[in-house]
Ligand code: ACO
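Given next, in structure tokens, is a single chain: the form predicted alone.
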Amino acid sequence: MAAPARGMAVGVAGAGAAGARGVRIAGTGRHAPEGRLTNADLEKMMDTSDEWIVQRTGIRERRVCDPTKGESTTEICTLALKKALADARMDPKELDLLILGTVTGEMTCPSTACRVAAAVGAGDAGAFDLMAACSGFVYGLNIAHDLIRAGSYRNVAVVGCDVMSKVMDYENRNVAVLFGDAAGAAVLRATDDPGKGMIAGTMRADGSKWQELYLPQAERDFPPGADRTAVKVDALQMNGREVYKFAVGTFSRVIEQTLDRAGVKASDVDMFVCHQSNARMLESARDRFGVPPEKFYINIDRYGNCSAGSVPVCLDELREQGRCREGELVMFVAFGGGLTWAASLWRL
């Protein structure tokens, strides 16, 4: 096996070492609000059409929280994690750590992770928010895996969630048609089987391109030269053309690098669980690697882009359908604001 690329962790080498421990995904859960924002709804709000949206993105509807019903990042994370704990048959007090990937937390302090940990009854488990935008869950998955593999913790929950509706400018059709709200969670446990867990993973970023996708909270956050009449504070700003170019190039490259480092082929992978940003891009990557549709999950038509909630929602749906089973080889891939990207190849 070739030496790992910079930023690429390879877990295979130590899998058979004496005293080594494995990591298993013991349970998953998801929660999406009942509210639906369809393309027909958006046609009444802005200059767009169902045909225009579907052709360019593959999205037909997205879920949206209703703050008047108390729906928030904390609430939907809590509901998703409770389902994951029940699926893992784990008492919340057994959790050692909670990692929450989100860019739509309730506030800077306390972290939303702390509030979620309290809401599920996790006792004094460690908790922190992780900001890697759409890559947040996969970043958290990689970190949690290595903390468990190293022996620092035994039981770690990883949650990915964003309530994107609260940072949408519904006068900007190029951005607002893309995003929805959802939360997903996974509970990771240490196991005596060292063959289970991450085989290869990576977390990368290119901060020089931050201005292509950002969420300004004050006037000072706008990049030089920004048209102040066209952008709004507390509303997601995106250069769609540049982000698409970045995602197309990065998506295939990170999959290829991860496969190479693990010494496997795309055909060896049982399921690709990818961030849902654009159906056309997902289908293009699938075609490039010759992966059949049943191995490349797509649900963007029903949820839109849920940012950090995207990958864990896909994972939970797949497990519910019996399509991510123990012993199978599964790859998680995500990319988002930062600009960030991450991959994680697991033997479940």
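Residue indices: 1-based, along the sequence shown. This structure is a prediction, so every number in the text was calculated from the model and none was measured.
As for the form predicted in complex with ligand ACO, it is not shown, yet the points below apply to it.
- Of the heavy atoms in T108, none are within 4.5 Å of ligand ACO in the model of the complex.
- The shortest heavy atom separation between A113 and ligand ACO in the model of the complex exceeds 4.5 Å.
- Taking the partner from the other structure, ligand ACO in the model of the complex has a heavy atom within 4.5 Å of a heavy atom of N174.
- At the 4.5 Å threshold, heavy atoms of L213 reach ligand ACO in the model of the complex.
- With ligand ACO omitted here, the record of contacts in the model of the complex names 51 to 59 of 312 to 320, 65 to 73, 51 to 59, 286 to 294, defined by a heavy atom within 4.5 Å.
- In terms of contact with ligand ACO in the model of the complex, the residue from A133, V273, A125, L79 that brings a heavy atom within 4.5 Å is A133.
- With the partner removed from view, the residue among K93, R253, R241, R228 that has a non-hydrogen atom within 4.5 Å of ligand ACO in the model of the complex turns out to be R241.
- Heavy atoms of every residue among D47, N278 and G337 are located within 4.5 Å of ligand ACO in the model of the complex.
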